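As C-alpha cells, one chain now follows by itself in the form predicted on its own.
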C-alpha cells in the first residue's frame, strides 16, 4: 500500500458500514478494489502531482459508493450516521484544494450516476441531478436553444454538484454570474439521512435563504442531490474584441468604466505582460503589452449596444477578433503541471478578489510577495472575472525548490506569502476555487468571528461530524 501523507485515522466501525452498504445497495454500487480506492484518494490539488510521483497519496478511502438515486444517498448517510463513519461527497474530482480527500478514511460517495435533466421552458429553468457532467449539461441545453452560461475551465471533468459545493464560476460570468446567481432551488441529504428540499422560485422571502447555505459549503453539511437553475435563450449574436494596453491600470480602468455604464460583456479577461506573452505569442503587436479579450453576446440589439460601449470606453489599441478566437481554441488546455512536475517544477494558481480601489495595489503586492520566495521562476496574473465593484485576479506561479527544501515546503511558502499579501491588500483569499483543506488555515483570519458561527452551524447539522470532516478546517 502506498504511503498516505494526510491520513489521520481509520473509522472503527467501517467493516459494519461496508456490510450494511452491500446489503442495502448491492455490490454493483460499491467497491473496495485497490484501483478504485486509489482513484478517489486525491482530487486535482496540484501539489499532489509531486506526491504521486514519489509513490505517495493524500489518503485512501475504505470504500467507494456510486448511488443512483436520492434514496440511495439517504441510505448511505443513514448507515454512516449509525456507524459514525465519515462520508465524502465526490463529483468530478476537479477541485484544486484537497476538498474531497478522505483524510479520516470512510466512504467516498461519487454521485456521477445521478444525472437526470429536464428543461422547464416557460419558466426558463433547468432541473438536474447533481452528478451531471458540466459539459453534457451545457450541450443538452444548447441543443434545445438555451444556455446556463456556466463555463468554468473545468467544464469537461466537473459536475453540477461540485459547482454548487465550491461556489464555482465560469468564464462567461460578467454576463451570467456565478453558480450562486443561477441557483433557484436545491435538494440535499443531511445527517441522519434527512432530505431537505428547497423549491425553486424566482424569489422568496421565507426567512434566511437556506439555499445559499449549501452554496460554497464544500460538502460539510450534506450531499447535494438535485438543483434547479436559471437558464437563458442561446445568444443570437456574438461579437469578439481584443485590445492591447500599455499598462495593467489602463486596461482595468477601461473595464471599470464599461461596467459602470451598465454593459455586461459575457467574457472579459485582462492578461498582464507576462501572461500576454504566454497566451498570445502568435500576435507580434501584443508583445510587451497588456492583452484583453472581450466577448459580447445575446439579443442582437442589446449586444450591438454593449459592443458600442466597449469600443467607446476601452482605451487600448484594438486588435480584432483573432486573439479572441485563439483564446476560445486554447482556453481548456491545462497541461503545464503534468509536463513540468516530473522535472521538479512546482506550479499552482491562486485566485483572489478585491474592490476596484485596491485592485492594482493587490496585484503588485501579491506578485512581489510570491517572487520574494527563493526558487520562484515567475509569478504572473490575469484578471478573469469582473463586477461593478471589483475584480478577480488569477495568479500563477512556478518555481524550483532550493536545495534541502521539499516541493511541499516550497509550495506552502509561496502560498503563505500570497495569502498574507492578499489580506493586507484588502482582498478576499478565494474567489471561486473555494477553501478545501489547503486554504483552511487562512479562513479563520478572513472570517474572524464568523468562523465560529460556521463551526456552530456545522455542529448543529452534523453533530457526529461525519460529512467531509476536516474540510475547511471545521
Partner chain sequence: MPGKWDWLKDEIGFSNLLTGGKMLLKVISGKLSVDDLTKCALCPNMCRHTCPVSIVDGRETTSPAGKARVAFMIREGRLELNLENLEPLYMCLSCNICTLYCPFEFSVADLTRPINEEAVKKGVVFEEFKKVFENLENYGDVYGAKSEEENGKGKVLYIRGCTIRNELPELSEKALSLLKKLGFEVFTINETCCGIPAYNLGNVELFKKLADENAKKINQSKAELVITSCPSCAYAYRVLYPKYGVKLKPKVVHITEILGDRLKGLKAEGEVTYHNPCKLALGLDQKELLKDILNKIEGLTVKEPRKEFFCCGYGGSAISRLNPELAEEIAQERRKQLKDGADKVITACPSCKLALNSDELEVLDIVEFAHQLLGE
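Just so we're clear, the structure is a prediction, and the values are computed from it rather than from any experiment. Numbering follows the first chain given and starts at 1.
Separately, the form predicted together with its partner chain exists; it is not shown, and the next lines address it.
Asks: Should residue 339 be counted as a contact of its partner chain in the predicted complex, where contact means heavy atoms within 4.5 Å?
Replies: Yes, contact at 4.5 Å.
Asks: Given that the partner is absent here, does residue 205 sit within 4.5 Å of its partner chain in the predicted complex, heavy atoms only?
Replies: Taking the distances in the predicted complex, the answer for residue 205 is no, it never comes within 4.5 Å of its partner chain.
Asks: Does residue 5 make contact with its partner chain in the predicted complex, using a 4.5 Å heavy atom cut-off?
Replies: No, residue 5 sits far enough from its partner chain in the predicted complex that none of its heavy atoms falls within 4.5 Å.
Asks: Does residue 66 reach its partner chain in the predicted complex if we count a contact as any heavy atom within 4.5 Å?
Replies: Because a heavy atom of residue 66 falls inside 4.5 Å of its partner chain in the predicted complex, the answer is yes.
Asks: Looking in the predicted complex, is its partner chain within 4.5 angstroms of a heavy atom from every one of 38, 115 and 139?
Replies: Yes, the whole candidate spot contacts its partner chain.
Asks: Using a 4.5 Å heavy atom cut-off, which of 314-322, 257-265, 290-298, 329-337 contacts its partner chain in the predicted complex?
Replies: Selected range: 329-337.
Asks: If the cut-off is 4.5 angstroms on heavy atoms, which of these, 371, 361, 230, 238, is the one near its partner chain in the predicted complex?
Replies: Here the answer is residue option 371.
Asks: Since exactly one of 157, 200, 177, 193 fits, which has a heavy atom within 4.5 Å of its partner chain in the predicted complex?
Replies: Checked against the cut-off, the match is 157.
Asks: Within 118-151, which residues have a heavy atom closer than or equal to 4.5 Å from its partner chain in the predicted complex?
Replies: Sequence-ordered list: 133, 135, 136, 139, 140, 143, 144.
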